[in-house]
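What follows is a single chain, given as structure tokens, in the form predicted on its own.
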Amino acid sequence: MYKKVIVIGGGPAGMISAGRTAELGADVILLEKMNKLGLKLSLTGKGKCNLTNTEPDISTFIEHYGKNGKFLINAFKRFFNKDLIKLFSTLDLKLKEESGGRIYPSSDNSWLVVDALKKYLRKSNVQVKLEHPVKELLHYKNKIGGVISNKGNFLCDAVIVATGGASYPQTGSEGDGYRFARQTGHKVTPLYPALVPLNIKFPIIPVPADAGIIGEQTIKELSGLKLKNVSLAAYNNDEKLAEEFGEFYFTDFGIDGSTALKLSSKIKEEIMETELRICIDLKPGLTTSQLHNRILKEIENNGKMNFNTLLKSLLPKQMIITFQKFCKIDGSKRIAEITKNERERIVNLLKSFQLTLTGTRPLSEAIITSGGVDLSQINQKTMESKIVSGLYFAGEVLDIDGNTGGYNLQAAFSTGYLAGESVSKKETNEKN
């Protein structure tokens, strides 16, 4: 007789692990606390759902997870991006590839991804029980025995915890898995918001009364402005902590977008302890010397041009007034009258437009949670706990987080698939 398996969590890791376990013959019940499956999955990629990335080399792929990436080698060897794409093809979900190797559903509708996974559950005969939040795990002498939910107890031979992290709690992702891990003697590493927008503040800029510039500098002047092909670097005093290249945009509170999100994951610990300095290189393709020469050439050929017109050739329109305030140069001033010191100031600002990072948005607004169940206590070949027999962990609940671009969902699918397969294989091996 096959094992009875409980899967906790109806996200990507939970659905694929339940489907795979049942597909191999186990009697599987999936318990989901919310009234729908895949609520958080439906929000990923701004509702488009970036499922995975086409990067073909596992070694290169795992570089996107930092120091813990090596933990995923076995999961990826068993179930990688090409396998995920093939699975969704069998579930009649059409996919497309976009820039950077990102894979999306052709419809740009994340709910169709959820529907495909629900189809997988039905084909595999998984029993799905919605609105069944789990209170605690039943275990005795380091062996799992079942779960206690708000609607009764469920006895089983194995449990797969796939409850996600603690971001987007409105979707049910409230950190339950960390509680289950601690209750069963596992260590949970410190939790941080990752891939999260950043809060910034502008310096108070004293502007001379005769400068021709009106109003104090506020971040709302730049709200909505998107900058492309720029470099973002974060510093703690003079120490560079991290740097990212790409695009981001200003918001009412700070900065958001792919470059800002990637940077947030690299400074997650430092930003919790102190304010940091952020330097924006607005012209990373030009050296300081090249910028000086460009301005000098403009002065030589168009000396009567005013400073405001010069900035139009260097910056987006929305940023010009802000830049003038930082430079403390009147926009109507002829560029032939710009002093050497003022030119130095212009070039320095173009190469290092500095703002203060005051922190991140809260964990509830993060795309993923950094930190989780300590990987040293999990068998990376099976996803089974080394402490409690029959207890498996998969997905974001583990201490794994990656870059944007489909990497986090692939990790969830791969660890979930491996956990589901390992449950059945272990059962078969025990029989033999």
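Here the structure is a predicted model, which is why all the values come from computation and not from measurement. Residue numbers run from 1 along the displayed sequence.
Not pictured, yet referred to below: the form predicted in complex with a small molecule.
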| item | value |
| --- | --- |
| Contacting member of 283, 294, 132, 333, with respect to the small molecule in the predicted complex [4.5 Å, heavy atom] | 132 |
| Residue (of 375, 388, 29, 367) lying close to the small molecule in the predicted complex, criterion heavy atoms within 4.5 Å | 367 |
| Triple contact flag 3, 19 and 420 to the small molecule in the predicted complex, non-hydrogen atom at 4.5 angstroms | no |
| Residue 43: touches the small molecule in the predicted complex, heavy atom cutoff 4.5 angstroms | yes |
| Contact flag, residue 199 vs the small molecule in the predicted complex, heavy atom cut 4.5 Å | no |
| 4.5 Å heavy atom contact, residue 322 and the small molecule in the predicted complex | no |
| Contact of residue 168 with the small molecule in the predicted complex (heavy atom, 4.5 Å) | yes |
